[in-house]
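Consider the single chain below, provided in structure tokens and representing the form predicted alone.
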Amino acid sequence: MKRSSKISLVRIGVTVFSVAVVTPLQAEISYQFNGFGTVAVGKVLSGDVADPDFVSYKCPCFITDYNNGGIYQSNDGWSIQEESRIGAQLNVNFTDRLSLVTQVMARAVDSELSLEWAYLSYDLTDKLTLQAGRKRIPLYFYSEFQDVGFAYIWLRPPQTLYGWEASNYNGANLRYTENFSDWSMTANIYAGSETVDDAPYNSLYDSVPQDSRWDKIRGVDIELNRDWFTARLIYMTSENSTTERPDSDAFYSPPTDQTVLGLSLNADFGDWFVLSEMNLNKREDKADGLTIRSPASMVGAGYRYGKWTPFVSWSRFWDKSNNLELYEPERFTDTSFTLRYDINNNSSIKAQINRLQDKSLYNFVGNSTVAAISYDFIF
């Protein structure tokens, strides 16, 4: 599958060099390189479905990654392809205030390089930072480090929430940080656009290759922290459209209006911790008068016992359509149990079982029980 963000290492080098030549020669440039990766294998253990052929997949099946098209199928054995990945990040500090961040990903699901981050960051003040370039759309609590499996408890974040056509944007954002009393706050506003060629998300639902565009992305996210409590609120709007290949080069018009609201409430008491996240995606198709509301939610609890952390979570995605003839809602719940073992400060092993209950109003992926094991690391 092709994506507009696919790049070569040469292009990254050109980007770094281009910024470096405009930096004052007397500036002392410093570099920091790090990386991360996940090696994961998974399998559909059991399940049932009304029709085993969903698009070009053999179901019951389980979608592991909507953004990148990962899916476990019932006729496959243990598979390493869907969720294994490796990434590298380069930070270049030109001055105390000016820096460049680039991040490259390679995923087994498509065997190509993709550019996830490539942005300049300039500290206007000690509290206000301007950033411009390519970044992750901060739709979810784990958006910025969703690819870094070592950074969160799940083997994968719940796909009931985490996954639409686009996950990145090209544009700019303004970030503000403040401390008051016992609270700390980070507020961020951003704007941009994204076009995904042969969008992997769309390929999960249609055998005809499609490009997807999110235009006029506008958003804000605010995060508050105090001791054991963290809260995060997001709001975003965009205009979405698609085009089929090779029949048409024109994106559908008028575009679909998208509005997203999200709230995360997390509590960490040391040994015990509770995670929750809620999201509402609303799409209004002007051409057909179709409105789709897609509320999604997740709650989970875990306990740290030395190097072991068991964790259980429940999540739900529940489409609502104002016209069932034009769009039949997709609905499912997902219960997961994760057991994580921290080998050291840089690596961990996770085992996870998911039980997906498909209650969609059309023949979707079916009910399934899925097992997966991963080795996550940073370096």
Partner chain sequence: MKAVIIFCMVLMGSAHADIVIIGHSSNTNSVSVEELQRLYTGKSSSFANGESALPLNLGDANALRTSFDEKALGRSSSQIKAYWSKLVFTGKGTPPKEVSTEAEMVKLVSSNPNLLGYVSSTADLSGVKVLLKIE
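Note that this is a predicted model, so its numbers are computed, not measured. Numbering follows the first chain given and starts at 1.
Below: the form predicted in complex with the partner chain, not depicted.
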- Report the stretch among 329-337, 32-40, 310-318, 54-62 that approaches the partner chain in the predicted bound form to within 4.5 Å, counting heavy atoms only. 32-40
- Query: So which of 79, 89, 242, 84 gets a non-hydrogen atom within 4.5 Å of the partner chain in the predicted bound form?
  - Reply: 89
- Could you spot which one of 233, 189, 130, 151 gets a heavy atom to within 4.5 Å of the partner chain in the predicted bound form? 151
- Judged by heavy atoms and a 4.5 Å cut-off, are 111, 160 and 252 together in contact with the partner chain in the predicted bound form? no
- Query: Given that the partner is absent here, does residue 270 sit within 4.5 Å of the partner chain in the predicted bound form, heavy atoms only?
  - Reply: yes
- For residue 119, is any heavy atom within 4.5 Å of the partner chain in the predicted bound form, or not? yes
- Message: I'd like to know whether residue 323 contacts the partner chain in the predicted bound form, with contact meaning heavy atoms within 4.5 angstroms.
- Response: no
- Message: Test of understanding: in the predicted bound form, would residue 291 fall inside 4.5 Å of the partner chain by heavy atoms?
- Response: no
